[in-house]
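Take a look at this one chain, the form predicted alone, written out in structure tokens.
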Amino acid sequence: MKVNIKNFAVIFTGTTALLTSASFAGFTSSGCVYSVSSSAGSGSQTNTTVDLSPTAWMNSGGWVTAGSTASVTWANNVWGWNPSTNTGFMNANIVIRNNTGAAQDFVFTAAMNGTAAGNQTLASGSIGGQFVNGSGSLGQVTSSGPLWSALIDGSTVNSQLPNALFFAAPFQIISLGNFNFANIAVSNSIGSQTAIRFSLRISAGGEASFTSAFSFQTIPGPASIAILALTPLFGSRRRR
């Protein structure tokens, strides 16, 4: 089975990739970093960064354990900054495969490092997903705590799918739902980082794919507060 998704960014355990550095009006970026940790073991990582514009980049790559027993892949994952609206954006859209014979834990983080000055930050985001059970036994996707979180400077802005519990019959596909939030006010500006984090357990032979986005707008002053409009970036999925 293969699941194709679009617009995503990520992080790898023990491997930090500093991709680029640039300074824009209202925001200074020091790069996007990706990490994956898994009970399935350590893995190797590849990643390619493409400049889309002076203020936007795209990443494609993957993380895989020895023998391809577990993997995380991503493609066309865009992140950057719009200086005309003081809006930052990042995607964390992933496919996680567990080809081992037992359930495995995965923690995946996509982070854009940088700072943004402002009296307030408005945050919006979205997540959607599906689970493919490729085994002959009952399959599960679970989480202890939130499956998905959006963070600014290490503090959770929003989380979705708390204590998730999904079941799929043998060789079946289920939806994990679509969720979003908009215009959450954050009291301070961005001091170091914005991030998206996934934390979940996948049963043996399972494959979970997610499409998520996190957007944030810094507000220069109280008189200029604007509404941040976020269009969820749900990529198409294809199976074979």
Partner chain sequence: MKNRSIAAVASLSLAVTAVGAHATLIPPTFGFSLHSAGSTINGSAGDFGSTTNVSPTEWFFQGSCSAMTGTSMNWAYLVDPDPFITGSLSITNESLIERSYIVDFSLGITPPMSGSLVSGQVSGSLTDSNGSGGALLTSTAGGAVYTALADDVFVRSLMSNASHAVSNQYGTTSFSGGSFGQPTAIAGPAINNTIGIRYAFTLSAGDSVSFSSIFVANVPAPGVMALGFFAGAFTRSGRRRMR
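What you are looking at is a predicted structure, and each value in this text was computed from that prediction instead of being measured. Numbering follows the first chain given and starts at 1.
Missing here is the form predicted in complex with its partner chain; even so, the following discussion is about that form.
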Exercise. According to a 4.5 angstroms non-hydrogen atom cut-off, is Ala75 in contact with its partner chain in the predicted bound form?
Worked result: yes
Exercise. Would Thr115 show up as a contact with its partner chain in the predicted bound form if we use heavy atoms at 4.5 Å?
Worked result: no
For this session: Examine Ser30 and determine whether its closest non-hydrogen atom to its partner chain in the predicted bound form is within 4.5 angstroms.
Result: no
Exercise. Given that the partner is absent here, does Phe210 sit within 4.5 Å of its partner chain in the predicted bound form, heavy atoms only?
Worked result: yes
Exercise. In the predicted bound form, does each residue in the set Arg97, Asn180 and Ser215 place a non-hydrogen atom within 4.5 angstroms of its partner chain?
Worked result: yes
For this session: Go through 139 to 147, 104 to 112, 155 to 163, 121 to 129 and give me the stretch that gets within 4.5 Å of its partner chain in the predicted bound form, heavy atoms only.
Result: 121 to 129
Exercise. For the stretch 29 to 45, which residues lie within 4.5 Å of its partner chain in the predicted bound form by non-hydrogen atom distance?
Worked result: none
